[in-house]
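Before any questions on binding or motion, here is one chain by itself as structure tokens, the form predicted alone.
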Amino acid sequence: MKKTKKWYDYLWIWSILYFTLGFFNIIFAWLGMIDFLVPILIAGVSGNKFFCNHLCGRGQLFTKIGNDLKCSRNKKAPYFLASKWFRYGFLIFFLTMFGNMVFQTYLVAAGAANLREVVKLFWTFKVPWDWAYTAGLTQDWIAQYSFGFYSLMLTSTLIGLIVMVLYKPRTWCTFCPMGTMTQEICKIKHRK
């Protein structure tokens, strides 16, 4: 019997739309905050990982590409990717990179640094991205945050795509920083 599709089964389109909009206008990178705030809100209110299991457009995209388009080897991932030390280590690293991005935004807002119109892939490789922003469109700190946040979202998606190809489609989900955070929120909520 075929499963009836729900509206949220099409949220993989959101991931494609997000990256497309950000490619042409970096200010759209702010829309990615939805993917940061909604999972935390749902976990905090309901005490479950409904977002991760049903609403995550990125996870759905990995499933579409990996299973439907047969781009995944469907091999079991190494144990360490799902281990507690790796998940929490990656979360700490991710939050450190996020904190650095916020600090760089602060420096631009304070006038201590200039806007850098680059996207950093894997937190290292600077890719010029100046076509996606018109100077004066908004305040420089807003654009700086956009470049940083788009970098973070693009890098994490690329990591997810790499592990999707090598292992199972949703391997990223085993160590996704948002998934780790929402899992902890759920544990705290259920202790009360």
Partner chain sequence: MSENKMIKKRAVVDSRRCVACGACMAVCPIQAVTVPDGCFARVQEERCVGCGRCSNICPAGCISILEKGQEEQR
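Positions refer to the first chain, counted from 1. In this text, all values refer to a predicted model and were calculated from it rather than measured experimentally.
FYI, the form predicted together with the partner chain isn't displayed, but the following is about it.
- Not displayed here, the partner chain is kept clear of residue 157 by more than 4.5 Å at the level of heavy atoms in the model of the complex.
- Contact between residue 58 and the partner chain in the model of the complex is not found at the 4.5 Å heavy atom cutoff.
- Though the partner is left out of this view, residue 139 does not reach within 4.5 Å of the partner chain in the model of the complex, counting heavy atoms only.
- Interface membership of residue 96, defined by any non-hydrogen atom within 4.5 Å of the partner chain in the model of the complex, is ruled out.
- For the residues 52, 143, 152, 132, the 4.5 Å heavy atom test against the partner chain in the model of the complex is passed only by 52.
- With the partner omitted from this view, the residue of 77, 71, 91, 107 that lies near the partner chain in the model of the complex is 77 [heavy atom within 4.5 Å].
- Annotation: in the model of the complex, residues 87, 169 and 186 each come within 4.5 Å of the partner chain through at least one heavy atom.
- Just one listed stretch, out of 161 to 169, 119 to 127, 144 to 152, 23 to 31, contacts the partner chain in the model of the complex at the 4.5 Å heavy atom level, and that stretch is 161 to 169.
- Contacts between stretch 139 to 153 and the partner chain, counted in the model of the complex as any heavy atom lying within 4.5 Å, involve no residue at all.
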